[in-house]
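Take a look at this single chain, the form predicted on its own, given in structure tokens.
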């Protein structure tokens, strides 16, 4: 028998697999349920915007061709949407792919990277696979401690600082002045990679204009996703905004034609949604407030959030609460899964669903309190 642990790079033997948890089928079988609602993966429960499914379907006629032309058209439309130029756009099959590409492009064994102690777990995992040493910086009252992260970057001569804004799992948002001070405090040669997977839930006037940092030559990379606000998680589509010279280097690491034609067509349709996208943003904000209000009525403390999820402090065991709701066909994420016991994270869905969730959560909490 081959001992693969002796053949793969050593870091892989030291890492835990990415935890996907139980499938819907598992939960249905365990509790004898006909329906299960997923509120644990931050998926878009409102569905794609108008015209998006049709655009993807129309592009299926071109399945026999490499997506060269549609890739270029995608970069042009994204650049117009983001307020930059096409040469700074790097498409990919999801921002997860870009995280891996960037880690490969920047990191060598022994390099240091800085990550918040509570954030998306694959920043650290994919950096460690490349042999990097991970410097974890604790949160400050569940906010990213940017001063401490910049200090850690200086002390270790870090190559990358990973930022998620709004942060997952807390929903916290970084302010413009705070961001500028953070960039100024980073050492020379350190790249700030800002994952803006949830930024489209914010109105334009609340967003940090990091594309301007790229334009001004700062060591900044911006990642954006179509999985969350635009609801294309099943098509795996994202992009980076980077300096044009860096885009050329990333092209040497990333496989060519890595995004499928249907995904690119759907992404372009998303960017043309206009008023429908604004209406969806308002609808989600209203549903998020419905969720937060209902949580407060249930005796639970929701944290402020600008994303499609709410992190809430509970006075019962978070794992038992998640299990109790799973038995009712509602999947939420216990905070213990990501090092925050005593919290739960709940995906925002349509307001009627949010009223059901908070009502049943209140009943389960009451039962657990005895």
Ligand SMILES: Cc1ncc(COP(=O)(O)O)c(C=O)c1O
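Since we're looking at a predicted model, the values are computed, not measured. Residue numbers count along the first chain shown, from 1.
What comes next is about the form predicted in complex with the ligand, which is not displayed.
- Only one of 89, 246, 197, 115 lies close to the ligand in the predicted bound form, with a heavy atom inside 4.5 Å, and it is 197.
- When you look in the predicted bound form, the only residue of 201, 106, 120, 179 with a non-hydrogen atom within 4.5 Å of the ligand is 120.
- The three marked residues, 94, 168 and 237, each reach the ligand in the predicted bound form, with a heavy atom inside 4.5 Å.
- Per the 4.5 Å heavy atom criterion, the ligand in the predicted bound form is contacted by stretch 227 to 235, the sole one of 133 to 141, 227 to 235, 252 to 260, 267 to 275.
- Among heavy atoms of residue 291, none comes within 4.5 Å of the ligand in the predicted bound form.
- Using a 4.5 Å cutoff between non-hydrogen atoms, residue 242 does not count as a contact of the ligand in the predicted bound form.
- In the predicted bound form, none of the heavy atoms of residue 153 sits within 4.5 Å of a heavy atom of the ligand.
- Taking the partner from the other structure, the ligand in the predicted bound form has a heavy atom within 4.5 Å of a heavy atom of residue 164.
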